[in-house]
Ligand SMILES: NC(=O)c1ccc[n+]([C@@H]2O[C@H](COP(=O)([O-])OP(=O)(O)OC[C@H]3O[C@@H](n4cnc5c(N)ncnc54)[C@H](OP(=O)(O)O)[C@@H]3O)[C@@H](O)[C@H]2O)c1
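Form predicted alone, single chain, as structure tokens, below.
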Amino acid sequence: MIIVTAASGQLGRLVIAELLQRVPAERIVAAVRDPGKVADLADQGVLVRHADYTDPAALDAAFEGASKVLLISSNDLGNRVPQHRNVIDAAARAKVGLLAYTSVLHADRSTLGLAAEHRATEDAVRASGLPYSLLRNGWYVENYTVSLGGAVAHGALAGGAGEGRIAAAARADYAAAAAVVLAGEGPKQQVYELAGDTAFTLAELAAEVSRQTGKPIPFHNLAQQEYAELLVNVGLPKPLAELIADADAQAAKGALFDDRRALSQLIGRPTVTLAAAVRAALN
């Protein structure tokens, strides 16, 4: 059986949707903290099991009979490494045939502040002795498009990435890659560096929004601290605001760029275009 952790989340649901196109539903397990949130998956024949990254006993029960496990990284910043180790240890006790982990692009050399927890998790995955695949996901284009409504309303797009080119892809693109690896359809690799086919600057994103809306939407580049303060002022928790501002600052230095097109090669189709991503966000 293929276990997908955090299956009620945005990425987890998309992974399961992709898996349902590749393997029978009864071979898929949605491992979630709240089974009630995935009743719709159970209705499709997916097995639903309770699992909590902080509860080793629950993880052992959830992983019973597992052949493959996808560990989707926790969103509990600062506490992710011990949580991930619990999942890795449970997968090792279950003696799974493949442990896949959603890491970050170029994790081994990334300057992103969030990369440290991913590197530590990757080390734990390797130390487990299990066959593994590290899905080093680039930036989700939704990280930017989710705020486009506000940018249009305020007549400007703010950020801190300067002229840095960002090879973002849609969450659905990364979900498809995970499903291909879990279903055994792709090349067997230990590390996949995954990013969008075409990189863009935030000024180019703003220009595309302007084109589609017919309104002038300039890009305002802010210093890292100024951008973090802006994000706090619009309601984001300070740790998350600082993480986003750091990501933009590192993107300005190339941390979110990759031009090898490994993602589209793996999933057998182009990744989402900037125009399509903006259109989906505005409609």
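Numbering starts at 1 and follows the sequence shown. Model, not experiment: these values are computed from the prediction.
Another form, the form predicted together with the ligand, is not on view; read the next lines as being about it.
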Answer range among 154-162, 71-79, 197-205, 125-133 for contact with the ligand, defined in the predicted bound form as heavy atoms within 4.5 Å: 71-79
Selected contact from N233, S67, T54, Q225, since only one has a non-hydrogen atom within 4.5 angstroms of the ligand in the predicted bound form: T54
The ligand: the contacting residue among S147, Q83, S210, S110 in the predicted bound form [heavy atom, 4.5 Å]: Q83
In the predicted bound form, G9 touching the ligand (heavy atom, 4.5 Å): yes
R119: touches the ligand in the predicted bound form, heavy atom cutoff 4.5 angstroms: no
4.5 Å heavy atom contact, R171 and the ligand in the predicted bound form: yes
Y192: touches the ligand in the predicted bound form, heavy atom cutoff 4.5 angstroms: no
